[in-house]
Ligand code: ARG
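Listed next as structure tokens is one chain, alone, in the form predicted alone.
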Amino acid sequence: MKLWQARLGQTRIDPEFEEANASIGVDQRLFREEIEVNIAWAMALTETGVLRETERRRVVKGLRQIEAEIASGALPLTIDQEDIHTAVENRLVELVGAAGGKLRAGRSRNDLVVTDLKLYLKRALAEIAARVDTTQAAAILQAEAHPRALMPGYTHMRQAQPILFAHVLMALVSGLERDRERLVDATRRLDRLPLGSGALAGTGLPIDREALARRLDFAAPAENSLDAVSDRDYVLEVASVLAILLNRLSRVASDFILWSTQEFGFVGMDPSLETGSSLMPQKRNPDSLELVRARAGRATGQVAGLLATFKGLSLGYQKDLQEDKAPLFDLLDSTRLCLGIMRRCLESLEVHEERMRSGLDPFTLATDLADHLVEKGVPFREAHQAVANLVTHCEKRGVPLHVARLGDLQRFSPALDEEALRLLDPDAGVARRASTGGTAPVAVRRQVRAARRRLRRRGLFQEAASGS
């Protein structure tokens, strides 16, 4: 029996409409939250006298049985049940009779579904935040394992300046920290209890919504019942946060895919994260990271789709809002999956330090010469032009910058002295960038220590508490 069937009597719903209308295939994953919310509501109804204590105990026992039946697959969830709320209520009435029918008093599916979803999201986002932590930890351990691995840094996909590979890894850690902060912020904003809002105008029963919020571990009840049932900005925010996170993983995946090619050879991937070719026997393909990139693209479309769905809806519940969960759940699943892949990739990554170093173009040290001229009092505009002319001269002669003679340097600026020649060493160039956030080994060590402290407060790296 549908929860709304009394109004239409025995009218048979059109089969294709029934298929479109049913959400049981998607919202069945909310069954644990549905049970928990129903139990809390049963207590609230008991406190108002709608349910007797004996009825409440029977209802709670029945709900726990339903939870076990769904978890084990003993209770089939089929399209004729429409949604998880209908499935649970119908089964509850079968188990406990009229007391099960009392549970609907004072509420609507409108406030029930939002409560279920918010409760689910609070837990799901906490799990994803924990996965962010372990991914950060894997990056930190790789940075510590290769503290002086030197590689080209790129802008516009062209070599720019020498940097440490550990600096690249800590850039990922920094970005993931912002992603984690967004997860926490989104959780804080959705932490308002909708239950008790009814269909839109609030419940007519004297429900203590503050006590109900405490029982379900929400920070407070939603302030406005109409906003509570029609608001989906928390869905948009969570979806956007997850899409940003997935796009970060996609960028890292692209770098690792490129750097693991034969042409680069900077890193090697674990075979457990690769596949072979169905045709070419020699191939090892980085399919896991390619799928991370693809999930990021899918996430972008899902956010756009949610925005389009919600645009222009009037206040109050509309059936359009039922379409929020499929893309949101897919985003959650993709984020869990991709964080797991990236963590495993980082943990097992082979770092070819000599190949990284040999890939450095000596001209990436040109900025160090310009900085040297500035320290000698030359305006940077002039220093930039002088070193650019020097680079052009060396390129035309086919002479790498680091083997240029003092006379070559001084043709373009007399301030380029013997000291300038000593600057043409990538290790020295990296070491000079020791300011906060720089790529020098000492600066990267500071970044690692700060990140370790953050993760230690979250329960990771406890074994190293007395060390770094």
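All of these numbers come straight from a predicted model, not from anything done at the bench. Numbering starts at 1 and runs along the sequence shown.
In what follows, reference is made to the form predicted in complex with the ligand, a form of this protein that is not presented.
Using a 4.5 angstroms limit between non-hydrogen atoms, Ser23 touches the ligand in the predicted bound form. Contact annotation: Arg295 falls outside 4.5 Å of the ligand in the predicted bound form, judged by heavy atom distances. At the 4.5 Å threshold, heavy atoms of Phe310 stay clear of the ligand in the predicted bound form, well away from it.
Under a 4.5 angstroms non-hydrogen atom cutoff, the ligand in the predicted bound form has Asp83 among its neighbouring residues. Residues with any non-hydrogen atom within 4.5 angstroms of the ligand in the predicted bound form fall in just one of 302 to 310, 209 to 217, 109 to 117, 287 to 295: 109 to 117. Looking at the ligand in the predicted bound form, residues Phe31, Glu36 and Arg104 place no heavy atom within 4.5 Å of it. With the partner omitted here, the residue from Arg381, Lys319, Lys396, His156 that has a non-hydrogen atom within 4.5 angstroms of the ligand in the predicted bound form is Lys319. Site annotation in the predicted bound form: the residue of Arg344, His352, His146, Lys325 reaching within 4.5 Å of the ligand with a heavy atom is Lys325.
Heavy atoms closer than or equal to 4.5 Å to the ligand in the predicted bound form belong, across 24 to 45, to one residue only: Asp27.
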